[in-house]
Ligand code: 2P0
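A single chain comes next, written as structure tokens; it is the form predicted alone.
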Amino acid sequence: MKVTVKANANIALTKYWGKKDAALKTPWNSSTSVTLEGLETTTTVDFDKQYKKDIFILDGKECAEETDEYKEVKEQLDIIRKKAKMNLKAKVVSKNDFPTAAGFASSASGLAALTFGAAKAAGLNLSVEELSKISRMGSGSASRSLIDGFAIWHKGERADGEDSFAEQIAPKEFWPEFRILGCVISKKAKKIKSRAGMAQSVKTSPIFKQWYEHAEIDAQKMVELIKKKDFVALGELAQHNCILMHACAMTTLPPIIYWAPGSLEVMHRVLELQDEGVKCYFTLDGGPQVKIICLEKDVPKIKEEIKKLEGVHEIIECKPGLGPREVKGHLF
């Protein structure tokens, strides 16, 4: 009943920002992503009668029962227990090899690893589609981390949410020269978590409707651009979609501004590099970290320029990665 898995974070090439159904965790619009080798969560799940309650340890620290992190894990475990028709409590130990809750999609890799690992530990043999639906309940973006390579998370139309899941657009081997450079601006946890920020945007942003309608069109376009390997059009669309999402967040009451001075420094330098003929584009999720979309051949030049910026602490180079997989070597 003890299983250890690894799962990777993903970066949304076109974003989702706002849940249509808070209970089913379904989004207002579809979104696309690439799962990233290089941003990894390792999680061990153990169901055993020795545990009197669920225990969750994240990055070496036990989470109290009243914390959001603990509640999210317990909710996922409850879903798995119900499917497996059992009531054993679990111990979950998880660690990230990148900053947690800081805009690097640690919730995506974390909840994907938990869902995949808990299902296996409970003896369930579930399809990727079913696992994607379950992980969506913990973190919307986690549904995309269940997918190897490039993915689309369908918003779905059904009232029961059964058609809202992620599926593959192309495997990681499809575009081996595709790169994401993760620029670490801050390792601190963000003040406003994405879930809370989205809920506030849905209620108060005057451009929310325009945002999600446009984002749905962008997601469908992105699928075709990935299939055609049209890198320039992909980069331009991803960058513009990112700005639209953050415009929606910024026009929320009170405003949600994830960009830090270092974020703007990188964004301006990327725009300058574009003017100089370098094919690179920026995108940010809910946090200050900037991800630069580029091709392998341009990585040395871009790294050289970005390393000169004072606001960047580290650059993590990522290529398309795998979905969750079971590994040896338990964390406890």
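Numbering starts at 1 and follows the sequence shown. Please read all numbers here as calculations on a predicted model, not as lab measurements.
A second form of this protein, the form predicted together with the named molecule, is not displayed here; the remarks below concern that form.
Candidate stretches 231-239, 84-92, 123-131, 137-145, one within 4.5 Å of the named molecule in the predicted bound form by heavy atom = Checking each option against the 4.5 Å cut-off leaves 137-145.
Heavy atom within 4.5 Å of the named molecule in the predicted bound form - residue from 185, 222, 245, 256 | So the residue touching the named molecule in the predicted bound form, by this definition, is 245.
Listed residue (194, 205, 164, 76) with a non-hydrogen atom within 4.5 angstroms of the named molecule in the predicted bound form | Going through each option in turn, the one that passes is 194.
The named molecule contact at residue 285 in the predicted bound form, heavy atom, 4.5 Å | Yes, contact at 4.5 Å.
Given that the partner is absent here, does residue 198 sit within 4.5 Å of the named molecule in the predicted bound form, heavy atoms only?
-> Looking in the predicted bound form, residue contacts with the named molecule include residue 198, since a heavy atom lies within 4.5 Å.
State yes or no: in the predicted bound form, is some non-hydrogen atom of residue 9 no more than 4.5 angstroms from a non-hydrogen atom of the named molecule?
-> Outside the cut-off, so no.
Applying a 4.5 Å heavy atom distance criterion, does residue 252 contact the named molecule in the predicted bound form?
-> Heavy-atom contact with the named molecule at 4.5 Å: absent for residue 252.
Contacts with the named molecule in the predicted bound form, stretch 1-23 (heavy atom within 4.5 Å) = Read in sequence order, the residues that approach the named molecule (within 4.5 Å, in the predicted bound form) are 12, 15, 16, 17, 19.
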